[in-house]
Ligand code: DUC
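Quick setup: one chain, the form predicted alone, written in structure tokens, and binding and motion questions come after.
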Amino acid sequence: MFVLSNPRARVYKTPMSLLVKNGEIVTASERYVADIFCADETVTRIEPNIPPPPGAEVIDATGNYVFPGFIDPHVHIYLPCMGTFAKDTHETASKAALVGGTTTLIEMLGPDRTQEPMAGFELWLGKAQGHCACDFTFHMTVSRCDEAAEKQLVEIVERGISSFKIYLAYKDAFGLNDHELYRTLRLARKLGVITTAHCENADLIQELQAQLLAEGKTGPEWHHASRPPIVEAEGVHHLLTFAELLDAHVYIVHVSCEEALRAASAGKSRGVKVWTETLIQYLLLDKTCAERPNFEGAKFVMSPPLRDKSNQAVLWNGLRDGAISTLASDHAPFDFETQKRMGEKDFTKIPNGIPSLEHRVNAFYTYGVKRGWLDLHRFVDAASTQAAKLFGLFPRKGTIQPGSDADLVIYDPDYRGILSAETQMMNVDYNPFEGMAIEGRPHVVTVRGQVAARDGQFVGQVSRGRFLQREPNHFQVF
């Protein structure tokens, strides 16, 4: 099912073997103490009291959890936006990911309507290959769907991309009209591809933005009013009407509110093949952040917007119960002092996005597991295993078992720290979680058996990340 990208290019040196001893292994379904022996980049043995072979690197994980490497199913790294670019490179983003326990990134590959799909694929792949310290793959954005685009999309799937991304927002840039939406989901169903979707209503947003600006409401605090919860819920309902008609598999990204989750659950209850994702920032931040004075609110402008605090319990319960499948970051970093200020006189010109890749796992553990919202198994499931299953990476990624890649997070539950822009690895001038306490962080992180991060420091090889080619999933295991 998995194909290595250019295996002849593997010229880096790795330890012959790795032995992790005495850790408490926690997966989506199991929890026990044992040793893990890794060789040739994979897990080869799991049992108690494995004697260290000659030459093996040995890590004592006593008192620590050992989780499978975490997967972020929704990140933006190379991201052109409003005449500027997101601040992280694949080098800085992957270092931040690894320090935070994420060993696999699924990036949104984003050509707009003016670009050819294949040219976009080659551009994004070229940006990542040789510059990413962790493994990576892409969702292929479909920003138009005509006959020529369809032919290229078929070829892109053959090149190893098994998920699409569509937007029901950003009209005239990325957004699909209904004719294109129908064709995209029809093609995805034919190819066995799952379609991830940004669900809002582009026309309603356009009307609301124009009305607010005409009334002189130009600050970041009005961003939410231009994209209220009902507009997100309408986008979910609209998508699911097409998915139901075409029997297509869809995945709704960044569900932010009760209304949108309710619309998704209604579709699932009537048999639509739909899964949902939420973001760490929706669980911990709320719309008052974007209402901070002196333009500080611009730091928190993203789409869909941060919502009323009452939605947080709904989302936590959805994660606990499985109504929400995955937790992502939607990482999109733009500097406050320069890039966000492009919209000082017009909130529609503020580059959308929040830097959150580095802190997703630690904040999820601290405010999810430690506060009793969910147990360790669901924590691993939502932050790793479900993404691996949905996007054709399981069991190579997302679990710890013989034959899986040796992506391991040896996690210290006794660590205590404070999140801050001063100490982050992300290449951006602010931290949306500034001053927030965390209770636990990765002690050691490995990528295919090689140590890549240790105690908050990157110690790996920048060029080591591998493009994960995937076959269409066909959705046999969930």
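Residues carry their position along the shown sequence, with the first being 1. All figures in this text were calculated on a predicted structure; none of them were measured in a lab.
The discussion below concerns the form predicted together with dihydropyrimidine-2,4(1H,3H)-dione, not included here.
In summary, the region of this chain contacting dihydropyrimidine-2,4(1H,3H)-dione in the predicted complex, judged by heavy atoms within 4.5 Å and restricted to 302-310, 113-121, 397-405, 146-154, corresponds to 302-310. Within 4.5 Å of any heavy atom of dihydropyrimidine-2,4(1H,3H)-dione in the predicted complex lies no heavy atom of W373. The closest heavy atom approach of T366 to dihydropyrimidine-2,4(1H,3H)-dione in the predicted complex falls outside 4.5 Å. dihydropyrimidine-2,4(1H,3H)-dione is not shown here, but in the predicted complex it comes within 4.5 Å of a heavy atom of N352.
Taking non-hydrogen atoms only, D381 never approaches dihydropyrimidine-2,4(1H,3H)-dione to within 4.5 angstroms in the predicted complex. Of the candidates A332, L239, A248, V142, A332 is the one whose heavy atoms come within 4.5 Å of dihydropyrimidine-2,4(1H,3H)-dione in the predicted complex; the others do not.
H254 is the sole member of R183, H254, K389, H131 with a non-hydrogen atom within 4.5 Å of dihydropyrimidine-2,4(1H,3H)-dione in the predicted complex.
If you take 162-179 and check each residue for a heavy atom within 4.5 Å of dihydropyrimidine-2,4(1H,3H)-dione in the predicted complex, you get Y167, Y170, in sequence order.
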